[in-house]
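As a starting point, one isolated chain is supplied in structure tokens, in the form predicted on its own.
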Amino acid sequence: MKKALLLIALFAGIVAAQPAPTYAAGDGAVPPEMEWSFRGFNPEWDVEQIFRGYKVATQVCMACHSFKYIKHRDLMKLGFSEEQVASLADEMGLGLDDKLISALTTEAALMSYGTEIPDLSLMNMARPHGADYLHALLVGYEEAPEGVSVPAGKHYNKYFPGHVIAMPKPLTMDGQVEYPEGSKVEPTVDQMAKDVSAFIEWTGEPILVKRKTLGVYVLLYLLIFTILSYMLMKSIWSDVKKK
């Protein structure tokens, strides 16, 4: 019985573990691990945080970046009504099914920053440490250490691989984005970075919470099935030995 339980525990650990993608090597600092509602064994989307992150994304990030894999209608999956999301879309001059595309063209981006601007929809899935990395990046701008040369028009960020990033610091001061009335938190730079990181986690995999929750039920089913199978096997072999 002990061997069976040990195998079950080992199997559960393998199934529950998240596959780690392989990323290009970089020398950015390892971001601190944050607490997120969508992690752990009881994951859930913090809808209020995602809505605050939407505000930051659309009012700050979309000056340069697009979210081409998401549209306002997708917010209804979080519990927003069609009327609510239609109002949000209308504020941006968009329809429910229009993608969130930045007005910055590729040509303008190349002229201003010397590089194409990445879409942010899947950014957390494409980077090691996901939301932790994005939050750290947004608050990680600082003066370059003595002896480190930063080219003109570039910026130093200790969490960015190579430390030199073309993107200027996007979150520059507290209150840069006006949060919804009744918000439980203040729009500090750190809070805005957390909220938009959570929003981008959601845009990358809206079914993440559902997938993880389903995984827990599958593990419980397999655990019960394995125990019953083991007990049945013991009963069968017990009868065989008596004969």
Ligand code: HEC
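Being a predicted model, the structure only gives us computed values, none of them experimental. The first residue of the sequence shown is number 1, and the count goes up from there.
Same protein, other form: the form predicted together with the named molecule, not shown, and the subject of what follows.
- Annotated contacts: 50, 66 and 85 are all free of the named molecule in the predicted bound form [non-hydrogen atom within 4.5 angstroms].
- Contact annotation: residue 165 falls within 4.5 Å of the named molecule in the predicted bound form, judged by heavy atom distances.
- In the predicted bound form, none of the heavy atoms of residue 156 sits within 4.5 Å of a heavy atom of the named molecule.
- Using a 4.5 angstroms limit between non-hydrogen atoms, residue 80 is distant from the named molecule in the predicted bound form.
- A residue is said to contact a partner when one of its heavy atoms sits within 4.5 Å of a partner heavy atom; residue 75 fails this definition for the named molecule in the predicted bound form, lying far away.
- Here the chain stands alone, but in the predicted bound form its contact with the named molecule, taken as any heavy atom within 4.5 Å, falls in 192 to 200 among 192 to 200, 40 to 48, 27 to 35, 179 to 187.
- In the predicted bound form, the named molecule lies within 4.5 angstroms of at least one heavy atom of each of the following residues of 130 to 160: 133, 134, 137, 138, 160, in sequence order.
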